[in-house]
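This document starts with one chain, in the form predicted alone, laid out as structure tokens.
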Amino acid sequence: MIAQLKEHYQKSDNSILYLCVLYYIVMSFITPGFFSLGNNWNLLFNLMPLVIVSIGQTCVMLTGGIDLSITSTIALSSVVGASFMSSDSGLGFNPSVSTFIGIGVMLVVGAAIGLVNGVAVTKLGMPAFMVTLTTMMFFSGFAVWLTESQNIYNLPDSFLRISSMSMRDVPIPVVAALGVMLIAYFILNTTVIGEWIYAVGLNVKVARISGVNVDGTIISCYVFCGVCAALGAVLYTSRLETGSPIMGQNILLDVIGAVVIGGTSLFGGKGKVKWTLFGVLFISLLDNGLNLIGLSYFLIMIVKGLVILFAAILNVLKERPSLAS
């Protein structure tokens, strides 16, 4: 039975997409409102920030690492950026200038956290799990301390419109997600650093012997992941119209689950941008459908946890054939 599951999982890169289509069709028949235009727009706008953050996580996992600090990166980026933009801060900037500065600050915060993670993993030789778990706790606590557990309001209209504005009839969140996907695809498939990322994930010792800049590659992936988390924070903050020290605290399972469900290897070296997109689509459809059915938050977490566990088991069986014997 295990061997059959493994063989089936390996048959097609698009198997998760087919599963998404099947799930969507079934839920459209059994769940009132699932097929409605309003629900589909809501699903789309919830999907975009998750895609961006998950793409960053994919790059880190391709190197054989993991970034658990993405939720704290989102929270800290949100409150720091909002504090520069809020009219309550008294900085006196023009609203458009405040928006520009606020977004820039958010991206810098994300990059800085990613740099801290990458340097700790490479230069100090610390396990990625422990490093990012520690930074998650530290920066989450720092965001709460910085705001005294209070949200930051009165953000400029030019910033709040980001979540609803369109560029040639394409919503800005969609443009941002497509941009991140194209950048990641270009890097991973057409550049030397893309080859290095896969090489580091497959075998870091061989990569180093072959002349790959292992430390620089890993640090770059963590910085990119941090920037993606900060960009996700921009979209979340704009849509919710507030900077929150607990923003994004519930999406860690969704992000890691989407990457794993999509098929990116837990051991590094194997993964694609489109796999992650399919994984995000599936986890978003699952979450949306279960909410519309009326399941409690705790039951939804149980179901998603089981789905992610099943995907992780298949991932391990695919990468470690000896475990199936």
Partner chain sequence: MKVIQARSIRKVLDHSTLILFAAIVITFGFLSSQFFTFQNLSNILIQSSSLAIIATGMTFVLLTAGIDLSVGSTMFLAGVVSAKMVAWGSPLWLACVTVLLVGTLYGLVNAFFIYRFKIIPFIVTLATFYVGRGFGLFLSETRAMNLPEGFLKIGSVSILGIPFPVLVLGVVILSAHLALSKTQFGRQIYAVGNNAEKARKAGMPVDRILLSVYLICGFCAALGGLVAIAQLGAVSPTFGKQSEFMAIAAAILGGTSLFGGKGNVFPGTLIGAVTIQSIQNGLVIVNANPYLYPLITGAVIFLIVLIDSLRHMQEVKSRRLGASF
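If you're wondering where the values come from, they're calculated on a predicted model, not measured in any experiment. Just so we're on the same page, rigid core means the largest C-alpha set that superposes within 1.5 Å between forms. Residue numbers count along the first chain shown, from 1.
Separately, the form predicted together with its partner chain exists; it is not shown, and the next lines address it.
Checking 102 to 110, 216 to 224, 141 to 149, 176 to 184 against its partner chain in the model of the complex, the stretch whose residues place heavy atoms within 4.5 Å of it is 141 to 149. Proximity of Thr134 to its partner chain in the model of the complex falls within the 4.5 Å heavy atom cutoff. When its partner chain is considered in the model of the complex, Leu22 lies well away from it, no heavy atom lying within 4.5 Å. Contact annotation: Phe298 falls within 4.5 Å of its partner chain in the model of the complex, judged by heavy atom distances. Its partner chain is not drawn, but in the model of the complex it has a heavy atom within 4.5 Å of Lys123. Shown without its partner, the chain has Asp254, Ile256, Gly257, Val260, Ile261, Leu266, Phe267 in segment 254 to 268 as residues with a non-hydrogen atom within 4.5 angstroms of its partner chain in the model of the complex. If you fit the rigid core between the shown form and the other one, you'll see the Cα of Ile300 move by 2 angstroms or more. Comparing the forms between the shown form and the other one on their rigid core, the Cα displacement of Tyr23 stays under 2 Å.
Legend note: Cα of Ala312 to Cα of Val200 is at least 3 Å farther in the model of the complex than in the depicted form. Note: Ile308-Val21 Cα separation is 3 Å or more shorter in the model of the complex than here.
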